[in-house]
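Only one chain is given next, in structure tokens, and it is the form predicted alone.
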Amino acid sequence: MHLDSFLSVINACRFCFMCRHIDTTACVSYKESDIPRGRALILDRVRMNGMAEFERHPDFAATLYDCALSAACRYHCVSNYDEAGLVLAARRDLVEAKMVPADVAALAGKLQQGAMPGPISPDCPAPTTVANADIAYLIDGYTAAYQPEVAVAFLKIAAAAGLKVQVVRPEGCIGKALLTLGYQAAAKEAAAAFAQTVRESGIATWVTSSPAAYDALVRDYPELGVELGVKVEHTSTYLLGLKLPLAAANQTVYYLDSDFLRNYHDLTVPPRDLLAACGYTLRPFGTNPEESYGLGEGAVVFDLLRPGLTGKLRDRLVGLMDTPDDLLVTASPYTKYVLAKLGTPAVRVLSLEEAVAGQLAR
């Protein structure tokens, strides 16, 4: 079992309560099984008794997919025990044993057939072929379907900086969502296909607004043995390195850390420096800065797999706002989609790209 590579995590987490207050799902489900200790106890039982435990207790597998994979607990763990990696290993075991829950298998099937999170918005910039492009801009599924304004804002900034940009909008999953669900073989196949597109482009620098896509290209692909041979940046670091004509914002915003940027790559400073460079005044969000406010971003397609939990995460975030008029900024198109398009009340939220584009000197 892939669990065998995480025995130290099981042994450490099964008796530890230190991060129970910041597990993303547990903060809204109030279930002990949804903290790292609960999941470790479940998987310790699987370790001792074998995969048959999932047949005897179907809720064990469901619990593993209830996990939002924010990795906030790992990030703030004094010993950095990889509780998120443990869950991903267990999901892979479930897939290989053909024991995944039916809803997970159905979603994975749709992803393998090329389904996007939703139909592509007519307002989303179309793919382009640009001779001698400075960069390729990768548009993820959530931007293409629900947040085309994120891509529009980035291209506006790029134009102001005098950049030649080739727009890339993949058809279907580039591997990240499938890998997160535990389908490693299918994920590697999708990654290899997209990597060929990247290499054939001849463009040395690739930029994306999606922290999930960034994590896939920078971390997942090398682990899968898929080579890209290009430089990959998230827009937060790329835009910070540009000399842009900016006006003073004179506005207060609350920046919501991305799960992937903060908890997987420790990129907390560049987004804040970028907003500060635009003249925004930043205030901390929530009552506990260790929590994830990505609304399931780490699980990539959490809104599709667990819409009920996603709604509860959104409701909790709204309840933590200082006032209903707070202006939130996020580096994640997924998080912006959940805040802007799912549920009520309406929330004022901008993508990082929109926040920057709005301050370009006229």
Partner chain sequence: MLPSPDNYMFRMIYSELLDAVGPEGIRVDDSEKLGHSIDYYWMPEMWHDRNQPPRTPDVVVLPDNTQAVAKVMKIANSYKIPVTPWGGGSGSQGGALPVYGGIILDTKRMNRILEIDTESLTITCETGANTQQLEWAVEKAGYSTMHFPASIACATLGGFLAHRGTGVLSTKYGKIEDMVMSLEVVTPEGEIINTLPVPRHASGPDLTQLFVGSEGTLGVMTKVTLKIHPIPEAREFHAFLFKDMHSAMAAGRNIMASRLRPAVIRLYDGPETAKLIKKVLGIERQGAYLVFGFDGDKEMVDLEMARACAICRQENPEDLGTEMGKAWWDHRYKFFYPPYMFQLPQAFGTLDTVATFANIEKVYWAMKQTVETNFPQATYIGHFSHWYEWGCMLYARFIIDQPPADPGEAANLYNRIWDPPPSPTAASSTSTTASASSSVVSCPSSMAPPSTSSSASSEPSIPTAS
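Numbering follows the first chain given and starts at 1. None of the values given here were measured: they were computed from a predicted structure.
The following text describes the form predicted in complex with its partner chain, which does not appear among the structures shown.
Quick one: of L327, L41, V318, M51, which gets a non-hydrogen atom within 4.5 angstroms of its partner chain in the predicted bound form? So the residue touching its partner chain in the predicted bound form, by this definition, is L41.
Since exactly one of T205, T197, S79, Q112 fits, which has a heavy atom within 4.5 Å of its partner chain in the predicted bound form? By the 4.5 Å criterion, the partner-contacting residue is S79.
If contact means a heavy atom within 4.5 Å, which one of 179-187, 278-286, 100-108, 136-144 is the stretch that engages its partner chain in the predicted bound form? This holds for exactly one stretch, 278-286.
Spell out, yes or no, whether the shortest heavy atom distance between I22 and its partner chain in the predicted bound form is within 4.5 Å. Answer yes; at least one heavy atom of I22 falls within 4.5 Å of its partner chain in the predicted bound form.
Spell out, yes or no, whether the shortest heavy atom distance between A12 and its partner chain in the predicted bound form is within 4.5 Å. Although its partner chain is absent here, A12 would touch it in the predicted bound form, with heavy atoms inside 4.5 Å.
With heavy atoms only and a cut-off of 4.5 Å, decide whether T310 touches its partner chain in the predicted bound form. No - in the predicted bound form, heavy atoms of T310 and its partner chain never come within 4.5 Å of each other.
Give a yes or no for F60: in the predicted bound form, does one of its heavy atoms lie within 4.5 Å of a heavy atom belonging to its partner chain? Yes, F60 sits close enough to its partner chain in the predicted bound form that at least one of its heavy atoms falls within 4.5 Å.
Which residues, if any, of 7-42 lie within 4.5 Å of its partner chain in the predicted bound form when only heavy atoms count? Residues within 4.5 Å: N11, A12, R14, F15, C16, F17, M18, R20, H21, I22, C27, S29, Y30, K31, E32, S33, R37, L41, I42.
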